[in-house]
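Single chain ahead, written as structure tokens, the form predicted alone.
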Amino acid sequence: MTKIQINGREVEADPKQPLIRACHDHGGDVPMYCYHPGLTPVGSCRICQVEVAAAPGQPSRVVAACRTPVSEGMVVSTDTPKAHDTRRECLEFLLKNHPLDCPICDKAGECDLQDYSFNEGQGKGRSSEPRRKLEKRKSLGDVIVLDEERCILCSRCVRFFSDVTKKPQLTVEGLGSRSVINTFMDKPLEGNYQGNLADICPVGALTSKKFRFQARVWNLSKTLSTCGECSRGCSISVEALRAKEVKRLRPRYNAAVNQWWMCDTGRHAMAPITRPLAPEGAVLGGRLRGAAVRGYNGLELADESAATALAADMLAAHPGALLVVSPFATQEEATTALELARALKATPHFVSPAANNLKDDLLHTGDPCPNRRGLTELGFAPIEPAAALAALAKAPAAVLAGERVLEILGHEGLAKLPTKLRLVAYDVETSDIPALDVVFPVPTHVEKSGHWVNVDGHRGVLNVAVPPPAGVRRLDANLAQLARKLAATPVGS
């Protein structure tokens, strides 16, 4: 480590990192546009100017912190008049051609250009020439829209593809005032990581098609969570409009798991967590509103206590029940499921679908089971959907528990199960499966707290980002209640 002074305080800095990193690590407020800690520094925007002297008492000069290496004894000042004056000059050039789109821009509220203009006091321009006219709302593929007029040519997007995905797809095209970001040969962007461009763009030039005009960011509540679309378990932020409806999933920095990134599969996995409720008084056609039991006219809503008692009576009368949980079950839910397995005298399983074709060298593992390692460590045996359906066809009774468990097993295959099977399910929604006798609603993973264990053994946290619908209880609470009922009425009695 190298000893330097930052704003009069001696600190230790990593000589392998640029000066701006040392400033940020030790409380120095240095603005940045082109610099990103996950990308190669280029020093193109020049906004990160700080005043530096080689040693105490030596003459100082203003330098770009992102391209300046640290050296022993250097003296750094981040808040001097010289530094601020230089930053204001850079901002004046950046704002020269930037359109006055703030009221309609998706980046409003989290735009670095807005923030630094306010902080540095750069609110006036001295140029009388008109702003340059460039293409607006230019589609770069299925995920990203480019507004060329807003772009400040920081080149973060260009370097993301060359540095992170290792497949360059963007370039700075043209010279001088004609410079714009463009794809090679105007081809649309490809790959599973395009959404990261909207995250790293410091202004509103690159925006997400799926989030565009969906919400103002100051109305979004942000909750720390974990992505469930593969066993990597990327750390994410679940962002909900007024804490009621999830509008955006974004990566959250975790050096040990996903750093600053996430794949588009996880980013756009909104359908499973934004399902509408079933019509009032109905069981099918949307999310379950409450417990349901099979009646003369199919599945009918019922009192939860009565449904639990019925499920316990059926399971007690049919020993040899099969227990299969969802790969989305948390460690806490799975621990409670083990208690139920002991009450049923059953071997605990979790449904393990086949790997998909999304595996890559960056993040996605191709394994659609977010808690495979955690469930395996607790003693759950993996079982493929086809094998689980075959076992269900032979079992006298069964309990299927957890988010998406019916979907993963396959509604078509479940519909073919013999009606003599006594089947109890806990899921977000259901179909009219003839063998299904009792079904209970459960929260999605953005509506509950707990933990998943990823492929490398890191524990990913889940927190409640939005409340579950009225009448939907935690899965572990439901399973614990069923286990208590079975304890009072032993299986086989």
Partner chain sequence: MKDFPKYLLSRVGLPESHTLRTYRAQGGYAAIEDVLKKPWTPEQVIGVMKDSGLRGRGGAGFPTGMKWSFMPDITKDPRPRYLAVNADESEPGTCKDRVLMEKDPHGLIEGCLIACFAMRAKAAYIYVRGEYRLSYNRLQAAIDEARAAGLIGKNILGTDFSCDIWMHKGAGAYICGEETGLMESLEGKRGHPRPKPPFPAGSGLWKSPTTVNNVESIFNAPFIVKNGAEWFKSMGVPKSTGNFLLGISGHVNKPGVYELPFGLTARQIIDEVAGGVWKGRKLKAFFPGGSSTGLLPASMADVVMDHDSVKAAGSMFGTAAMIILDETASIPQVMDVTARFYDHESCGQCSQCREGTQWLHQIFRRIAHGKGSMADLDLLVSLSNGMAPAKTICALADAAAIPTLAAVKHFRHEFEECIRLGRDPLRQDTQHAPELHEAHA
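Note that the structure is predicted; figures quoted are calculated from it, not measured. Residue numbers count along the first chain shown, from 1.
The protein also exists as the form predicted in complex with its partner chain; that form is not presented, and the subsequent description refers to it.
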Just to be sure I understand the contacts: of 203, 383, 278, 94, which is the one whose heavy atoms reach within 4.5 angstroms of its partner chain in the predicted bound form? 94
Have a look at 89, 339, 110, 245 for me and say which one sits with a heavy atom within 4.5 Å of its partner chain in the predicted bound form. 89
Among 409-417, 147-155, 205-213, 99-107, the stretch whose residues bring a heavy atom within 4.5 Å of its partner chain in the predicted bound form is 147-155
Answer with yes or no whether residue 177 is in contact with its partner chain in the predicted bound form, where contact means some heavy atom within 4.5 Å. yes
Close approach of residue 42 to its partner chain in the predicted bound form, 4.5 Å, heavy atom: yes
Report whether the minimum heavy atom distance between residue 355 and its partner chain in the predicted bound form is within 4.5 Å. no
Exercise: residue 171 in contact with its partner chain in the predicted bound form, heavy atom 4.5 Å: yes
